[in-house]
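Starting off, we have a lone chain in the form predicted on its own, written out as structure tokens.
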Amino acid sequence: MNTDLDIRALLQHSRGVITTLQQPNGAYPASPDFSAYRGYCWFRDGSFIADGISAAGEVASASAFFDWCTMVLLRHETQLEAVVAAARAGMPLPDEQMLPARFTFEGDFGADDWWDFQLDGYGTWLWAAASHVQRHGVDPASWRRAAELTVDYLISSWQRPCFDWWEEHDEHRHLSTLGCIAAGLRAAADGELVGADRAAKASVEADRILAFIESDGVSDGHVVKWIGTTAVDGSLSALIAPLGVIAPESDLAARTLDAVERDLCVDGGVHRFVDDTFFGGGRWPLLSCFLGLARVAQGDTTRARELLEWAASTAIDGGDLPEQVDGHLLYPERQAEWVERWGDVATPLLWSHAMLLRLAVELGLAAERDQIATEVTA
């Protein structure tokens, strides 16, 4: 996968994986056949998928996903309002009554046990929807009530500990989660998703979260995995780009990305965190793409291209991208237990394909749909 033609062909395949597997109502499956993910759409994964496919010019696909988000949130409007009312009364609801991270394609809660209370996806959908509106000039009016509900939910709840991106450690407040929430509230404040009064409240709260990140979420000059640790997480690159929570030219961004490279990156592949035992703790193509996006934002396109090429090199025959790869497992002795529990690593993972597209767009390698198809078949 070292030639432009190979990468462009993979990008065309990635586009097809996302758009053909998308459900008629707009939901994106995390991975169509992986046992633990089958039949579910995550707000987090789906929002980053929608942002990637939107950046690649698939306007209708991304809009359909935001329609799905709206359907889900309006279906659970009463529960969202109950969470907000309880928080305002000083009697917050227990975690099991908060909104889950994933829903069935039909918009229902899952029937099986999961590590569900996660806030990041709700911020991410606001950010991705606002980015889509700005990018393509679509009318967000039909999403407004869902955005209002989400803004209220996040303002009422952002200070609560919850599970992180990886559905672990619900006892902590995670910086990637806080970054997603801040990005979503900032997008709601600056965009056209909510009315003026809510926009003003969202702006104030986004500023509070950003101040909290800088005061309590930093150790040795870099952002940390959760409040109270000194370790980093591969997801922190997203705070620089594409979320734009931390200015790419800042010392904080530089030291955070350097820590991610030093502690988690091996030959272009990025681990989630140093104690990761999931499937043995492999390297994730989507995290390499997040790091690449952050490096582009800093102006280092050479490093970003290296990271893109590593992510592309993980494609199996046929072009599908996995969730993670082995070859440099942190805990190889833990791999078999996950394979026995859930089967082989999720492949294709739509989020991996979306992040490859998103980075390729920033590097000028993924143009509009018709142009890519012409170049690949020429």
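Numbering starts at 1 and follows the sequence shown. Computed from a prediction, not measured in an experiment: that's the story for all the values here.
Below, we turn to the form predicted in complex with beta-D-glucopyranose, even though it does not appear here.
Visitor: If you check in the model of the complex, do 8, 290 and 310 all have a non-hydrogen atom within 4.5 Å of beta-D-glucopyranose?
Guide: No, none of 8, 290 and 310 comes within 4.5 Å of beta-D-glucopyranose in the model of the complex.
Visitor: I need to confirm a contact call. Of 153, 226, 117, 278, which residue comes within 4.5 Å of beta-D-glucopyranose in the model of the complex, counting heavy atoms only?
Guide: Looking at 153, 226, 117, 278 one by one, just 278 meets the 4.5 Å heavy-atom criterion.
Visitor: Let me know the one among 127, 103, 284, 143 whose heavy atoms come within 4.5 Å of beta-D-glucopyranose in the model of the complex, would you?
Guide: Partner contact (heavy atom, 4.5 Å) among the options: 284.
Visitor: Of 252-260, 78-86, 92-100, 164-172, which is the one stretch near beta-D-glucopyranose in the model of the complex, taking non-hydrogen atoms within 4.5 angstroms as near?
Guide: Going through the listed ranges, the match is 164-172.
Visitor: Evaluate residue 66 for contact with beta-D-glucopyranose in the model of the complex, applying a 4.5 angstroms cut-off between non-hydrogen atoms, and reply yes or no.
Guide: Output for residue 66 is no: heavy atoms all beyond 4.5 Å of beta-D-glucopyranose.
Visitor: When the contact criterion is heavy atoms within 4.5 Å, does residue 51 count as touching beta-D-glucopyranose in the model of the complex?
Guide: Judged by the heavy-atom cut-off of 4.5 Å, residue 51 is well away from beta-D-glucopyranose in the model of the complex.
Visitor: Would residue 55 sit within 4.5 Å of beta-D-glucopyranose in the model of the complex, counting heavy atoms only?
Guide: Output for residue 55 is no: heavy atoms all beyond 4.5 Å of beta-D-glucopyranose.
Visitor: Please determine whether residue 186 contacts beta-D-glucopyranose in the model of the complex, using a 4.5 Å cut-off between heavy atoms.
Guide: Flag for residue 186 set to no.
Visitor: Who in 27-53 is close to beta-D-glucopyranose in the model of the complex, meaning a heavy atom within 4.5 Å?
Guide: Residues within 4.5 Å: 30, 37, 42, 44, 45.
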